[in-house]
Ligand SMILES: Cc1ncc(COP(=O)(O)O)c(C=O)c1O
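Let's start with one chain on its own, the form predicted on its own, as structure tokens.
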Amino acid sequence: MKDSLRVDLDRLRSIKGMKWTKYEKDVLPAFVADMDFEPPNSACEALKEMVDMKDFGYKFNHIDHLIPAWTNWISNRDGLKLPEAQCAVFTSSIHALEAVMVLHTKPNDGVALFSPVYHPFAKAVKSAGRKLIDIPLLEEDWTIDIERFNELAKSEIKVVLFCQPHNPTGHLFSEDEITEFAEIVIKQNLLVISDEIWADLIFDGISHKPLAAHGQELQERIVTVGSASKTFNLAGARCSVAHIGDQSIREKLSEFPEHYFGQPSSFGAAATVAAWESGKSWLQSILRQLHENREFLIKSLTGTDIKMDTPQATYLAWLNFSNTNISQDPSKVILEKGRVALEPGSKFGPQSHSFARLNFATSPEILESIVERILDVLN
């Protein structure tokens, strides 16, 4: 393993992040979506420079560079040129989602999501007093139930929370799915908030295509949310950028005072800009390691009672324990008996109690221990 990807277990157990401090030291954590790999040197050096210079004052130039750094990254990756004037900076992807959702809806308006999905989505809807419209994905292939979506979109839905690539399944919605989805969105004049923070972590030579790239009519109804948090392991930077395709949302945002929605810190902005500008080679190494880890998981679980659809993207494995003797609450049993922390499936949707999410962004050695412990529990 290359130096940049080496995982030091002693270092992991000494850092203050949630992943390695939540549980006792004998527990191997594979729950929260942080990588165990160190962030790219460019991001670390940007922060180190600020610390060495004791540069803790006003430093807005990094924040000013966030939008051009992101739009340039998107253009190079996807060939999509997003107008900088239509973009805005937020402190996190959920911050962007919540701000836009609240601006565009009134209490009890319907907000749809496709579960199982990143659990803060549902929490955001409920805490804002909006009506949660849960449309479960079809479990056999994690595709959208288009018929149900179409029916509910006629009267129940005003906003759709979209996740592409999808967390927790690692599914990529196909061109056909997006085409059908887009037709309904345009016909019913819905707003879509598209969380695309996993867009750099795609396997098998597949290219990401932003939802906003599927035609101008759809782009004008989409808010695309991006961040370096997952790609470069910078969740603590608290930094996000969004393209606001919907003009009415841009107008509503402009009605508020300049600092009403806050902004990232200079430190978060510096690390993020450095990663987008100089982190490509680091990312390529990470993708190779993640691909190896994914293949190891597939091989290790083949022939067992655990079912897993091969994730096309992300570093998350959505494990189905419904055919095992721990199907009711697998993450709880595995934590107690195997000392491995997985994310409970029930967090992602009420239909997912027999599932658990496993984060495989770690060293091969740690991943091997995680899998061995899980299989020992089953055996």
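Only a predicted model underlies this, so the values are computations on that prediction, with no experimental measurement involved. Don't overthink the numbering: it's just position in the shown sequence, from 1.
Beyond the structure shown, there is the form predicted together with this ligand, which is absent from this document and is the topic of what follows.
Contact check for Ala33, Ile94 and Cys163: all three have a heavy atom within 4.5 Å of this ligand in the predicted bound form. The stretch in contact with this ligand in the predicted bound form, judged by heavy atoms within 4.5 Å, is 192-200, chosen from 192-200, 284-292, 210-218, 141-149.
Contact with this ligand in the predicted bound form, judged by any heavy atom within 4.5 Å, is made by just one of Asn233, Ser227, Thr224, Thr169: Ser227. A single residue from the set Phe114, Trp276, Phe181, Tyr118 has any heavy atom within 4.5 angstroms of this ligand in the predicted bound form; that residue is Tyr118. In the predicted bound form, this ligand sits beyond 4.5 Å of every heavy atom of Arg130.
Residue contact check for Arg238: one or more of its heavy atoms lie within 4.5 Å of this ligand in the predicted bound form.
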